[in-house]
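Next up: just one chain, as structure tokens, the form predicted on its own.
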């Protein structure tokens, strides 16, 4: 099939084409592993101020695009801007991660000022799209309702998501009310990013692995399906990628029931399972272990070639199974992309 002029390879893959070499971008490709990012970060007093300062967010987004041969960029922001925009207190502790005032009742949240609060994010999207080459795709994103709920209830990440799991078991009606609010917020946020210039969007359910089968269907699949439907109603034709990290045998059901255009796979997913999804016409994305990228060397080359050989004939986007580790040498990113591109020669 002849390539349309300047049509990003990422969008071709998400539309079901087998693109060679496979388009590549990495989760957290803008971040602390880059020395230029660390210098830029010093210009803001806090991480949230950094995210809400369009010129800084634009520069952070563009840094990896200048350094590496990525086929797509993802806007520099954070999933926790949504609870922050809904009125929950959010801050970041250096070296420890995000903190929130734990939420006990969804009635404390409000959409008052929601769009104005997030306006700097959309300004950054417009700014990146204005300077990004037309053959490079721009991704917007949001956190999935379950993952955001885990932070909103516990006030932090980790803890095996025990606070959110017990809250859902003890107060399912309150959890449903919270999920409903976050679904609406996610739809509004994704559509606004698309209107500002995002070519595709990704929904991160980073803590899907904490859910049992029934809870996964109720708190991950069903809300994301509603988000997909809501976004498509307002922005038809824009590709949506889902990432239910750690879903294991649930990946296929997730794709079937949410209706996402592509699914991002963590590094534990076997190639046989990824191929089975491809045979059903699903574009798969992933799934290099970030630890292999961090360590580099010949083992990295072997891992990249194995994934490219296994999945390169179907609709496929090369990526990591999660975000780049801050300890990753930038040269290893260059090496991985070079090996990927060479593997299609």
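Remember, predicted model here, so these are calculated numbers, not experimental data. Residue numbers count along the first chain shown, from 1.
The form predicted in complex with a small molecule exists for this protein as well; it is not shown, and the discussion that follows is about that form.
For the three marked residues, 267, 300 and 332, no heavy atom of any sits within 4.5 Å of the small molecule in the predicted complex. Contact check for residue 28: a heavy atom falls within 4.5 Å of the small molecule in the predicted complex. Using a 4.5 angstroms limit between non-hydrogen atoms, residue 204 touches the small molecule in the predicted complex. Residue contact with the small molecule in the predicted complex: residue 251 places no heavy atom within 4.5 Å of it.
Residue contact with the small molecule in the predicted complex: residue 199 places no heavy atom within 4.5 Å of it.
Of the residues given (98, 120, 246, 106), 98 alone sits with a heavy atom within 4.5 Å of the small molecule in the predicted complex. Proximity to the small molecule in the predicted complex, defined as a heavy atom within 4.5 Å, singles out one entry of 67, 294, 306, 32, which is 32. Heavy atoms within 4.5 Å of the small molecule in the predicted complex are found in exactly one of 67 to 75, 107 to 115, 122 to 130, 190 to 198, that being 67 to 75.
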